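Shown here is one chain on its own, the form predicted alone, set out as structure tokens.
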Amino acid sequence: MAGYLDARPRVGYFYTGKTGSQLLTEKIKKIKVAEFTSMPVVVQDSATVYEAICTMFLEDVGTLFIINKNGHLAGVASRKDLLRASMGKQEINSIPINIIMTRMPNITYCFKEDYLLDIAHILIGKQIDGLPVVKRSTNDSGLEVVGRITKTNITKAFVELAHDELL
């Protein structure tokens, strides 16, 4: 009965006393990042700013994750970073992306096991559009990018929740 009723052995069914909004809140708090992770868009740290801009445009994303030769997260580049780098008379074909990217340890990231609501608070608090979803590398201390979570992913989660409530 959608959480309004519960059952116990030798007692039977009984009313839980929870309102619809309380049940929805409980459901929201249990959603994990893994349920709404999308594919990451990565570029090598040896790429140029021009290549990064092209990748961002072709993939239609707002954030690129920069990986090193070992495949570990080395940096993040946002639209603002790339726009700032392309202003003026700089030759973006020769500027490496690793010059303008945000580097570790200044990167905020998350894991698949994290709660989506906690990540939403981080995105709002830090005023960023997306985070890399990472896992710890098995052979050394690096972080491998396995996905991304964005404001759009979170919006999709809430739309799905609302759709489920209507059914």
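All values reported here derive from a predicted model rather than from experimental measurement. We number the residues from 1 along the sequence you see.
The next section is about a form of this same protein that is not shown, the form predicted together with a small molecule.
Against the small molecule in the model of the complex, the set Asp45, Asn70 and Glu144 makes no contact: no member has a heavy atom within 4.5 Å. In terms of contact with the small molecule in the model of the complex, the residue from Ile31, Val41, Ile107, Ile53 that brings a heavy atom within 4.5 Å is Ile107. Of the candidate stretches 112 to 120, 32 to 40, 45 to 53, 127 to 135, only 127 to 135 has residues with heavy atoms within 4.5 Å of the small molecule in the model of the complex. The closest heavy atom approach of Ala74 to the small molecule in the model of the complex falls outside 4.5 Å. At a distance threshold of 4.5 angstroms between non-hydrogen atoms, Ser78 is in contact with the small molecule in the model of the complex. In the model of the complex, no heavy atom of Asn98 sits within 4.5 Å of the small molecule.
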